[in-house]
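Presented below, as structure tokens, is a lone chain in the form predicted on its own.
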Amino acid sequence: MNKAGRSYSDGGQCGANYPNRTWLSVIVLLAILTGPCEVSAGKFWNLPPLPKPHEYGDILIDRLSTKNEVKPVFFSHWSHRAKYTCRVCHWELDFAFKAGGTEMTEADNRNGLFCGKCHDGKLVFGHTEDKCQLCHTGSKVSNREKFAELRDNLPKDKFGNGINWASAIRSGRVKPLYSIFKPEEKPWEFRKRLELKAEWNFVPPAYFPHGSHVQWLDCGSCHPEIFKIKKKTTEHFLMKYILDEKFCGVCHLRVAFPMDNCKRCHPAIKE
């Protein structure tokens, strides 16, 4: 999935503050020769390698497991995402976005916190000794066959795990629960589309659609910790930091569609 021929240096907001003057001169010359939007920002980034589609979004949670001589916990995003919105875990159950960012114990889970909210032996399998190996695998063990069955029934995408999740929820092909505490609660209808202008004048602007994000997330998922609410007040909103899993990169590297898909955010860019 990672496109060949990309080189990484510094970068600004959608392509700014490039420190290497030689490269900058070359890029500017290309921009002049080829015209606006002919130079793709994606060609200048060494994007991280992507896992296989059925493993995309898989993580190992190991904040306490290895310390306690227990195998790390395997978590598959795609198998949960078809049933629950992101906000259920990352808002209502208070899981940090970063793997291992939340400290949870077996006692927490058995008391109905974190994973234990659903894994209670009633809704889904519980935290009993005979079930330990189902989560404490110590490695990523996604089921390729179950993933293929899921993907075959959902809208396709060229990136990430090959599923267009925004289209899936919009079309009703998946109906993930928005809230486990208030099952009747629905996403807020907020469809404001933000234009985010690049500082390189030959890179077309990016657009952020609130509508497709509020279907999965809560406003508090992004504001104010990741992004300040007022436009253009978020400091260091640079591509290099996005690739360091900050800002958009919190989700759009490991779980949501990856940065290989430049046109999804910069629709006028030519790749």
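One rule holds for the numbers: they count along the sequence shown, beginning at 1. All of these numbers come straight from a predicted model, not from anything done at the bench.
Quick note: we don't show the form predicted together with ligand HEC, though the next part is all about it.
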Task: Position in contact with ligand HEC when the complex is considered in the predicted bound form, options T105, S171, N153, N111, heavy atoms within 4.5 Å - done: T105
TODO: Find the only residue in K122, K186, K182, K192 having a heavy atom within 4.5 Å of ligand HEC in the predicted bound form.
DONE: K192
Open item on the list: Can you tell me whether K52 touches ligand HEC? I mean in the predicted bound form, with a 4.5 angstroms heavy atom cut-off.
Closed with: no
TODO: Spell out, yes or no, whether the shortest heavy atom distance between G162 and ligand HEC in the predicted bound form is within 4.5 Å.
DONE: no
Open item on the list: With the partner left out here, check for me: in the predicted bound form, does some heavy atom of C132 sit within 4.5 Å of ligand HEC?
Closed with: yes
Task: P224 within 4.5 Å of ligand HEC in the predicted bound form, heavy atoms - done: no
- [ ] Scan 80 to 94 and write down, in order along the chain, each residue with a heavy atom lying within 4.5 Å of ligand HEC in the predicted bound form.
- [x] H80, R81, K83, Y84, T85, C86, V88, C89, H90, L93
